[in-house]
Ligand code: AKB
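Have a look below at one chain only, the form predicted alone, in structure tokens format.
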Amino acid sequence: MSKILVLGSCGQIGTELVLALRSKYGNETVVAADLKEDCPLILQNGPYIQLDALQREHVRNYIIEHQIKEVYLLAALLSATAEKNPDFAWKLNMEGLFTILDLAKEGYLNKIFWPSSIAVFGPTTPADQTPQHTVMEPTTVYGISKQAGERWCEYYHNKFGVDVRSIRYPGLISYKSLPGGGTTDYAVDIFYKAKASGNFTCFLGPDTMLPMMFMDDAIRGTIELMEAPADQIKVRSAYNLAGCSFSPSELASEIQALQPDFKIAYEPDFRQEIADSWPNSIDDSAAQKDWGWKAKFDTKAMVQVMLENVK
């Protein structure tokens, strides 16, 4: 099988995606790449290379010389972090994408995965069961870059036949890897604080409803999308994907059902405004219809697994 490169492999999604791809296709087939000089212990079961997504020629040369045919481009600055450094966020989130799209246009790559996000939506988007095709007026640098990226992916597919596929990830929850600066990160940190001290202070208000997904579902959905026959992929911007939706108070209640002494307090910060611009829930019927997507974990099941596994 031709080689797969996961660029941005040390992040929350990348770590688990590399492990899942290696389990499926073989350790030596999947190359992990990230800015870090040393390969993290968890990824040492296969090849690793230090690679900066912004070093266009280095990325091009590696992919061409090693005959990489499939790239998962995960290198990005996430919502909350991007607001603190908007110029760099735009540069990283866009220039890295063009490098990979151009390689596919030139025939060096057969297939690309590039993640989008619910951040493409904004305060004018219908908040409940947000449709696949709807108003998108994002108010964050991250959301603006992801919306622009969706348009460029669709353009490269329509104009040059590039096989690029994407998912609008909701908030992702995992016990295997830590989040990287997103507005939904509270839904991971809350489990660590619950196990460590039994107390958690949330940076969002108690009733802030957001779409979420257990990481196992997100990784499975990503691989299923990439394995689907090209003629089944009808959306070349990015697919809506839904898992479960909950507020911090609802999540806390589920935790308290298993850990009754758990306590939560609320101190909303600048991330509240970001969260308020995002949907409450997502309509993913297009993904269900086109390539058979279906989530397995609801909130209760996710909470149980997290509390059992977070150390």
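Just count from 1 along the sequence shown to find any residue number. The shown structure was predicted, so the numbers you read here are calculated from the model rather than taken from an experiment.
Just so it is clear, the following notes concern the form predicted in complex with the named molecule, a form of the same protein that is not shown.
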{"property": "Met136: touches the named molecule in the predicted complex, heavy atom cutoff 4.5 angstroms", "result": "no"}
{"property": "Distance check, Asn240 to the named molecule in the predicted complex, heavy atom within 4.5 Å", "result": "no"}
{"property": "Residue contact check: Met226 to the named molecule in the predicted complex, 4.5 Å heavy atom", "result": "no"}
{"property": "4.5 Å heavy atom contact, Ala75 to the named molecule in the predicted complex", "result": "no"}
{"property": "In the predicted complex, segment of 193 to 201, 216 to 224, 232 to 240, 114 to 122 with a heavy atom within 4.5 Å of the named molecule", "result": "114 to 122"}
{"property": "Of Thr184, Thr130, Thr208, Ser174, the one that lies within 4.5 Å of the named molecule in the predicted complex (heavy atoms)", "result": "Thr184"}
{"property": "Stretch 137 to 153 - residues with a heavy atom within 4.5 Å of the named molecule in the predicted complex", "result": "Tyr142"}
